[in-house]
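Just one chain follows, in the form predicted alone, and it is written as structure tokens.
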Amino acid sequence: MGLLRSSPSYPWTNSMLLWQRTAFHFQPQKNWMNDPNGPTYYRGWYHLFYQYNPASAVWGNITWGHAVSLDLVHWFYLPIAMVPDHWYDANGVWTGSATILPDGRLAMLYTGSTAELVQVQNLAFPADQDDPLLLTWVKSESNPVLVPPPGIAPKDFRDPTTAWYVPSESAWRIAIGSKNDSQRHAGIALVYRTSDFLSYELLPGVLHSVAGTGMWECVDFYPVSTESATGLDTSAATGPGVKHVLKASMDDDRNDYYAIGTYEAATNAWVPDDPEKDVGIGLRYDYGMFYASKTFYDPVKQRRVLWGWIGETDSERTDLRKGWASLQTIPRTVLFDQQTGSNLLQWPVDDVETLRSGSQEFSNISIPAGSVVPLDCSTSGGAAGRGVLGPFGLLVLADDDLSEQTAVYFYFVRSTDGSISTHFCHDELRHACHPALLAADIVKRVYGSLVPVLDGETLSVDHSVIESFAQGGRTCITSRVYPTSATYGGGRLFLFNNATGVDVTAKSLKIWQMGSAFIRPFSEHDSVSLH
């Protein structure tokens, strides 16, 4: 979250601020947004709820915003779904998850911050289960259905997962994030059992715990197939060909970590395949500006879809001036990487391709060491530093003289034993380099991570504002950037190679213009024309 800084800020023009609104990433019409909540598919519509402040462009007064889509791309704003209007959510209707029951009904569990600032879990359900738009919600008279158990601090108990069904018990289970400071500041996931979503039993032990990782929030828990390229329902049976992903958002460092492992319902335990890549100390969904993510199972296309919150990296002062803050990532499909067997693959949902137009394709472009080639259409020291084996990649949202640019690049590191590792990075250090920005209130960073490149694979990248997917989505990085001159028609694209010892060839490069998703309020006309 940005800060109201006293240092001078850049004199943004209204035209610049208007350009910062995206064309096909979901964001509200105005005001503050953070975590995605309760994404689901219900009676023909995809639903996205989200943390929302209806009164300001900074965090506070948290309610649930609501939008629907027929294709995960073209969204319609709907009225606010839930507001903090009871003692058990007086300080905010916080993050929650949707569960579709076998008879088609929907149950929504969410965290409420009480009048005394205690985190409790509450149940809500549609006032009319036959309404595909889910316009009106009713909070259960039994709320809160869960309060912090003994040994859990009142502010360390939040964000229930989508429930999964255990046939041997004829009951559902949910996980909730917390921490245990008596066990070396361990992050933990508690598990509860319920048959009616009103009464709950805390199961012995914890689903998993990792020392030193601190408070786990926005926990997600779901199965993935190790044998097919399709998603699995959250309640899919365990067994051969199925692994489970445990993900948590780390309140201490504000990053989303995941690990792949084996789940045993009988013992209420999940064990990571690789303890050195455990939750909070190993793999991340995204190595950039990405947090509080949540997945859901899409029964239409049999895929698991991931949403993530992209916060702003400017100041709250600027957000208040433009009247809005934050956006959601493009929804991504999530699959087990059968090639490495050790990580996930993420890729923008194929629905986004309907926005493509005006494509250009390049092949076999030679990029000699030290060169920059214009196109018409550990993280090192950033893209400007030079080494024998890189960096090389793309300069996006660049102006003509390259004074403004964001680099999306690879570089190689040779170890003392002769082995080579591949890194994938974003360099934001020059994304807003107007001279007046020397005292600006914008965060600029270099993001990066190792990315496995197997024998016979080539390097590949895909981009959006700016979401990058390396090696088919094996490593992902998201950046929020604010150019001042590389806007509207002033944005250029370049290939670059800052290596000193190797030439690079871009074997294939495809570029598309992207149209607008025309996200707008839902109207009665839409109701008639779409159905």
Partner chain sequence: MDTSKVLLILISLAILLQSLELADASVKDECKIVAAADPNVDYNFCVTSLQADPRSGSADAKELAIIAANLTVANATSTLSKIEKLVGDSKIDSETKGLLNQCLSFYKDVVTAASGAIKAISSGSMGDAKKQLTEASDNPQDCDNLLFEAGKNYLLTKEDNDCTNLASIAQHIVAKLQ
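Here the structure is a predicted model, which means the values were calculated and not measured. Positions refer to the first chain, counted from 1.
The same protein also has a form predicted together with the partner chain, omitted here; what follows describes it.
Undergrad: To verify the annotation, which of these, 163, 334, 191, 325, has a non-hydrogen atom within 4.5 Å of the partner chain in the predicted bound form?
TA: By the 4.5 Å heavy-atom cutoff, the listed residue in contact is 191.
Undergrad: Please pick, from 100, 305, 186, 232, the one residue with any non-hydrogen atom lying within 4.5 angstroms of the partner chain in the predicted bound form.
TA: Among 100, 305, 186, 232, a heavy atom within 4.5 Å of the partner chain in the predicted bound form occurs only for 186.
Undergrad: Name the stretch: of 222-230, 366-374, 195-203, 238-246, exactly one has residues whose heavy atoms fall within 4.5 Å of the partner chain in the predicted bound form.
TA: Answer to the contact question: 195-203.
Undergrad: Please run the contact check for residue 167 against the partner chain in the predicted bound form: heavy atoms, 4.5 angstroms, yes or no?
TA: Residue 167: no, not in contact with the partner chain in the predicted bound form.
Undergrad: Is it the case that residue 158, even though its partner is missing from this view, gets within 4.5 Å of the partner chain in the predicted bound form, heavy atoms only?
TA: Residue 158: no contact with the partner chain in the predicted bound form.
Undergrad: Taking heavy atoms only, is residue 143 within 4.5 angstroms of the partner chain in the predicted bound form?
TA: Outside the cut-off, so no.
Undergrad: State yes or no: in the predicted bound form, is some non-hydrogen atom of residue 182 no more than 4.5 angstroms from a non-hydrogen atom of the partner chain?
TA: So residue 182 counts as contacting the partner chain.
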